[in-house]
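Coming up is one lone chain in structure tokens, specifically the form predicted alone.
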């Protein structure tokens, strides 16, 4: 069978417009009679709030200020509906949206935003996911900060460790990370003549955006259209709602086009981050270097909202063994609320953080056993026919042996080159 695209170099349909600068991004769109908007965001991580917009509404050029009172259903979220469109009586992280100021110019919006009075009654916050799991910690939502607990059990973990002569036991941490895409969030919303509400935005999920807009504004989905413009980078951060509902609400209410463009600082505050994780590992191998047991506890900081935390921490648990066959495995992974910026989708979905722990464990075991880091990996990597700790049998696409062989080859070449350079330095030539 002849394939049209697989294995061939295909010209991207948007390549020419992007390299020539002709590609249209949402911040490039201007419509007649267009209004501008700015979002007022929380300055504290955890507080009860009261909002007074009366003085702000009297500012010249301010057309309307939207708050939680204007939203028919003030909740959204990709898995749990734990986000507010606008904070009502409480904020749970710095940057939480409180009000949306719409005006005839950006300057009018800024002037109006500066006149909004927000009274903060600060509450104790929790910023460490391990502390957040404790019974007496401040609660972000409801009665528990634990959103999700994934369990993986395979074999007999106690018996497995009895067969080990070398054990590595350590705790590893990874930090929060922003996607830092080139294009900060921007969008425009307007009404078509037939009453269709349109939101033009750079997004990864136009179908989910449409569903969320319709649900929160109590509209039929058929009356909402989401146009996905050119996207200036995303990497997961454009999966959660940021500006879509705010814009839709304003355009629907005012029947005029409304546009918003974030600066970099606001973009940092508004969208999700990569989950920081605390990974407690215990891994053991027998005298020949074969892995026998691994026990891991993984705690992911979800920040103030759930977003994709369940999926991310489940995937972290599934991949906790790394690409290695281990007959006895016990994994517990947790997603936990804190008052930190919320975390969500980012390249790898939890599988990215895990190698920081799993691979360092392998190096430590190799050193304890007196074998090379390559040898211990060659003995334990998945091969075609291997069975993972979750019970999956790998029937194809398991080229780890070839990858390691190539790595050893390149490493040997590096060492030879390094020796030549070292000798040259010793001889005083360099």
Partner chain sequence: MMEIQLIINDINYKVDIDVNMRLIDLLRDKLGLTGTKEGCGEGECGACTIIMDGESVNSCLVMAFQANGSNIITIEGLENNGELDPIQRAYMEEGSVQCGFCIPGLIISTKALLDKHPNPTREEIREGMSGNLCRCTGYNKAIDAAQKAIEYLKEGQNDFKNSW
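Residue numbers count along the first chain shown, from 1. Just so we're on the same page, rigid core means the largest C-alpha set that superposes within 1.5 Å between forms. Everything numeric here is computed off the predicted structure, so don't read it as measured data.
Below, we turn to the form predicted in complex with the partner chain, even though it does not appear here.
Only one segment in the set 81-89, 97-105, 155-163, 226-234 has any non-hydrogen atom within 4.5 angstroms of the partner chain in the predicted complex, and it is 226-234. In the predicted complex, the partner chain stays beyond 4.5 Å of every heavy atom belonging to residue 117. Of the heavy atoms in residue 254, none are within 4.5 Å of the partner chain in the predicted complex. Contact check for residue 178: a non-hydrogen atom falls within 4.5 Å of the partner chain in the predicted complex. Of the heavy atoms in residue 137, none are within 4.5 Å of the partner chain in the predicted complex. Using a 4.5 Å heavy atom cutoff, 15, 23 and 27 all lie near the partner chain in the predicted complex. Between the options 77, 289, 184, 276, the residue in contact with the partner chain in the predicted complex by a heavy atom within 4.5 angstroms is 184. A displacement of 2 angstroms or greater separates the C-alpha positions of residue 10 between this form and the one not shown, with the rigid core held in common.
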